[in-house]
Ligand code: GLA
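Before any questions on binding or motion, here is one chain by itself as structure tokens, the form predicted on its own.
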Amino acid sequence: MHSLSDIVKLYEERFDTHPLLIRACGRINIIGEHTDYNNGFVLPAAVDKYLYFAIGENGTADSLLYAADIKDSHRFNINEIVPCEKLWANYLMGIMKQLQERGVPLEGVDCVFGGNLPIGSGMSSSAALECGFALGLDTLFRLEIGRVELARLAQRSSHQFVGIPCGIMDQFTSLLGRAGQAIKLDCRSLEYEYIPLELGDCELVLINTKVHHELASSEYPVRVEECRKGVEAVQKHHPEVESLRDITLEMLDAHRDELPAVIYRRCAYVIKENARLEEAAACLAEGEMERLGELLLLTHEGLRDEYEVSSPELDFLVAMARETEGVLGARLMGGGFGGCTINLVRKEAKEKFLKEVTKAYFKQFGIHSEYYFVHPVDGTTVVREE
């Protein structure tokens, strides 16, 4: 864990330039999981867990990156940018590669980054990596690309350079988050609206399982492909369909016999999740916290049984939440197979719940979980110009 001043100090110990400072944030997603790459809807918010970047030009063709939290570095020539074995470095190099493909003339940069955004927690440290570096280069070289296009650029980098077929939710939220607000985002058109994240006497708490099963990376592209196959099957009868958001449950059921059972379950989950999101947005607007909690629990059941991306650790935490008075709802958050649960908890029940759940979780798995209180904040921003 590093503070902004830690990152500045580490940079100044290594380099003799005055760095640009960027603060990139993580994100939560209230509801709408695995809908983004299906051109559906999501309801995320940028939160106050950060990666800090110190970046400066060095006047050469070489770039040096230093990841302070894991004490690892990577050097590369900007004229020969190719993926390496270090995933974190690929996220950054991919941004430079995308800018070069836009015809942007770049120089080598020195960059030190680190912060308090937990890796593998489901708060998308990878998008914070991409977006912090992208905004840094945009500011450093005075490119004025614009935040929505920077989000698209970062998503393309994930697809083309890192090799992860992600949706755009994480990058979009990291760059366009707003204090006190959630974002209702249409992942097809990128139309969006801010919805006040006012929870009354409730609070959102994240509980980190501190596990991240290897299935997370291998199964993600499998789910993308399974959903694509479901769309193709329905398109034979409904050529107007572009993605799962265009398919109703009635349409899916009408052609169920043509679909393998697993493909049907994946598609049914996404269709129902889009409907849950619409209702959840209305719950936020109307202060219907108990129904919002019920929707979170329904989403977890869908992710566990239909989309099959949960884990024993996540299921245990959600079951504890379901049984605890004052906890209105909970679900796994993020890609699945580990990371955090997001819990909607009445403030007066928070302390007792967290004490009981962390104790029970350690007794069951021998793992010390972590919990985080998060608040919606403005997205990735420049802290200090050079």
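Here the structure is a predicted model, which means the values were calculated and not measured. The first residue of the sequence shown is number 1, and the count goes up from there.
There is another form of this protein, the form predicted in complex with this ligand, and it is not shown here; the text below is about that form.
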| remark: Only hit among Y194, W88, Y220, F76 for heavy atom within 4.5 Å of this ligand in the predicted complex is Y220
| request: Considering only heavy atoms, tell me if G167 and this ligand come within 4.5 Å of each other in the predicted complex. | output: yes
| said: Is it the case that G40, even though its partner is missing from this view, gets within 4.5 Å of this ligand in the predicted complex, heavy atoms only? | reply: no
| message | Whether G334 contacts this ligand in the predicted complex should be assessed with a 4.5 Å heavy atom distance threshold; does it? | response | yes
| request: Given that the partner is absent here, state which listed stretch (201 to 209, 168 to 176, 225 to 233, 248 to 256) has heavy atoms within 4.5 Å of this ligand in the predicted complex. | output: 168 to 176
| message | For a quick check, can you give me the residues of 23 to 53 that have a heavy atom within 4.5 Å of this ligand in the predicted complex? | response | R27, G32, E33, H34, D36, Y37
